[in-house]
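To begin, one chain is listed below as structure tokens, in the form predicted alone.
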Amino acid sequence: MKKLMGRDKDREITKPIYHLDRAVAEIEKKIIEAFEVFDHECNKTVDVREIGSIVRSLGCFPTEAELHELLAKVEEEEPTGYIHLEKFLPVMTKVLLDRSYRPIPEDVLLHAFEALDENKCGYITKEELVKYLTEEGEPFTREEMEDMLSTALDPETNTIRYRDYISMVVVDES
């Protein structure tokens, strides 16, 4: 434990350690609460397929590859299809403390959409977006595509006005 110099050199400083312990306890509480939403059997386990939803609900946005790496750290040696809270909690606590898997900044998202908008008209058609997101890079699943379109698509024009969509989905980090 560190000590102060000067007049109070014999007084131990415990505040920073207390604050860190309190911060970790609050993070662990958030993780447990998010985990419990998906713990349908109330036995401190969740279906492995729910881990992505839990991680995203905690403000982390890993790629599929990063999610698989995280799963490898928390799965049993003989995978059961379930993840135990006792294995998930320390791994996810470290993820949150390290601020891993942060969301993509708004300007980067805008630049990506603008690159897809060949006519520079401020929108992308549903067909174009589905093609890009299911055939290029890390493809969206059908469910992910449906989720995105349910939020992003203007049903009257069958287009995605990407500036509006970005403003709806960007996470405020402040």
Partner chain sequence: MGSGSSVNANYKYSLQKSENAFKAAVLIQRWYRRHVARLEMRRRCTWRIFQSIEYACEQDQIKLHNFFSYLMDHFTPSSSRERDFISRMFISGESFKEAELEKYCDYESMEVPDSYTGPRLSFPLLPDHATALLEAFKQKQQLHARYVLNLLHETRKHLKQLPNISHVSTCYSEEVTVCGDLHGQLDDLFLIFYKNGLPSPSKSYVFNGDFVDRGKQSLEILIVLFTFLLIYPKEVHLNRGNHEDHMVNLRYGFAKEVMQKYKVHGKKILKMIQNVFCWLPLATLIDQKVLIIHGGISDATDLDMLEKIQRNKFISVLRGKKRKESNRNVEIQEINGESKVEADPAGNEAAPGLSPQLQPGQAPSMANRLEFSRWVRQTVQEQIEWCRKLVDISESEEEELTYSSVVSLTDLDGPCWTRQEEWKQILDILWSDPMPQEGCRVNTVRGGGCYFGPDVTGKILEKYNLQFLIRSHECKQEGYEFCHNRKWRVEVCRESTVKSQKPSVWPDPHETSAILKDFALVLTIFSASNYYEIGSNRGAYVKLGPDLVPHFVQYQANKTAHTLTMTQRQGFPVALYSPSQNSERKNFGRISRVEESAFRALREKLFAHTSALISAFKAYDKDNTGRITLSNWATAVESVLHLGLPWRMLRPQLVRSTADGMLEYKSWLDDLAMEQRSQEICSNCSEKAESCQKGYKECDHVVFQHIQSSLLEVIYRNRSNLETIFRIIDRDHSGLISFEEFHQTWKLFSSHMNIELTDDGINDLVRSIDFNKDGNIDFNEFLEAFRLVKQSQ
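Predicted model only: the values in this text are computed from it and were never measured. Positions refer to the first chain, counted from 1. Between two forms, the rigid core is defined as the largest C-alpha subset superposing within 1.5 Å.
Although not depicted, the form predicted in complex with its partner chain is the subject of the following passage.
Check: When you measure heavy atoms, are H40, E118 and G137 every one within 4.5 angstroms of its partner chain in the predicted complex?
Finding: Yes, because H40, E118 and G137 each have a heavy atom that approaches its partner chain to within 4.5 Å in the predicted complex.
Next item on the list: Classify K94 as contacting or not contacting its partner chain in the predicted complex by the rule of any non-hydrogen atom within 4.5 angstroms, answering yes or no.
Entry: Residue-level check for K94: no, no contact with its partner chain.
Check: in the predicted complex, does T157 have a heavy atom within 4.5 Å of its partner chain?
Finding: T157: no contact with its partner chain in the predicted complex.
Check: Heavy atom to heavy atom, is A34 within 4.5 Å of its partner chain in the predicted complex?
Finding: A34 belongs to the contact set for its partner chain.
Notebook entry, point to check: Heavy atoms within 4.5 Å of its partner chain in the predicted complex: does P62 have any?
Noted result: Contact check for P62: yes, within 4.5 Å of its partner chain in the predicted complex.
Item checked: Residues of stretch 97 to 119 in contact with its partner chain in the predicted complex (4.5 Å, non-hydrogen atom) -> The stretch touches the partner through R102, I104, V108, L109, A112, F113, A115, L116, E118.
Notebook entry, point to check: Does superposing the core leave D107 with a CA shift of 2 Å or more between this form and the one not shown?
Noted result: Yes; that C-alpha moves by at least 2 Å between this form and the one not shown.
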